[in-house]
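Below sits a lone chain in structure tokens, taken as the form predicted alone.
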Amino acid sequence: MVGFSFDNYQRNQFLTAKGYPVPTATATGTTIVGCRFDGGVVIAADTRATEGDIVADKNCEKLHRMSPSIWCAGAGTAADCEFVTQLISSTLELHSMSTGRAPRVVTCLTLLKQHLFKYQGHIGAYLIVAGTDPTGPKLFSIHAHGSTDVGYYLSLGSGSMAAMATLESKWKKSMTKQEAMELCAEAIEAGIWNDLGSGSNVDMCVMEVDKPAVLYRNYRTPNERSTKEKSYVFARGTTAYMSERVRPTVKPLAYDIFEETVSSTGGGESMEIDG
């Protein structure tokens, strides 16, 4: 495997010398978290997808299925997260069929980190991988350049600081399933309220040992549009006016109709057409 490439450094120096601005890093607009409990693990994510300063999707899915007992939460570029997880999920299924046993979470982690490291961070996928296998519940995080981390609770994305503050203050050992679910939901809501790149609803997935994973789509919906107290549809004539003038938007054109007779060269009958 080749080492690090400094081509981008030379490119940036060339752009600076020519008077062009140096490309800047793109921030991720997401909040994703993971939390372990006795006998399982929970991951959660918000549902806002942004395109610059524009909210492109209010209810997108950021939780990706890798195998029946392994799921992944993605932050960063939506397309990169989607296709990377699909690719590794397919590879993981082929590996499972080849070995004849259920895939392990560390296998999924290794496939993802090797693929991301190969592209040196140019694939903008920041992932939290969680699941259960014969060794118990596992929780890992992967950055775009391939580095990994392991812990009892993790957070990634632009709202990760607010989420981590909630996790660090309220996480405890020997948590129950319901306590872990409520903690992850509260951490995601902290990201929703304190980060402009995160918003809308809370998606969650719970994986327990020897049980199939359960996806809770829109587990919490803190941004539901409420009914307005008054109706702002006013009847015609409510607003007074001084005068009225109707102006046509399309000016009619005058045209003439001509009739022309065309004789065929084959000696047949003539045909009349409108010109």
Partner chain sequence: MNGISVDMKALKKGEVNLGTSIMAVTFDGGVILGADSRTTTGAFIANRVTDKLTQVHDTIWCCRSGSAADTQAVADIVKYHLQQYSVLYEKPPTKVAAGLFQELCYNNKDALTAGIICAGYDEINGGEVYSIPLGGSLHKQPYAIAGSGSTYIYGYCNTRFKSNMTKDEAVDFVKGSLTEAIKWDGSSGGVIRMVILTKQGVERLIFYPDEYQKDY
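Residue numbers count along the first chain shown, from 1. Every value quoted in this text rests on a predicted model; they were computed, and no experiment measured them.
Just so it is clear, the following notes concern the form predicted in complex with the partner chain, a form of the same protein that is not shown.
Trainee: Using a 4.5 Å heavy atom cut-off, state whether M161 contacts the partner chain in the model of the complex.
Mentor: Judged by the heavy-atom cut-off of 4.5 Å, M161 is in contact with the partner chain in the model of the complex.
Trainee: Heavy atoms within 4.5 Å of the partner chain in the model of the complex: does D149 have any?
Mentor: Yes.
Trainee: How about H122 - does it come within 4.5 Å of the partner chain in the model of the complex, if we only consider non-hydrogen atoms?
Mentor: Contact with the partner chain, yes.
Trainee: Verify the contact flag for Q13: yes if a non-hydrogen atom of it lies within 4.5 Å of a non-hydrogen atom of the partner chain in the model of the complex, no if not.
Mentor: Residue-level check for Q13: yes, a contact with the partner chain.
Trainee: With a change of at least 3 Å, which way does the C-alpha separation between N12 and H143 go in the model of the complex: closer or farther?
Mentor: Their C-alpha distance grows by at least 3 Å in the model of the complex.
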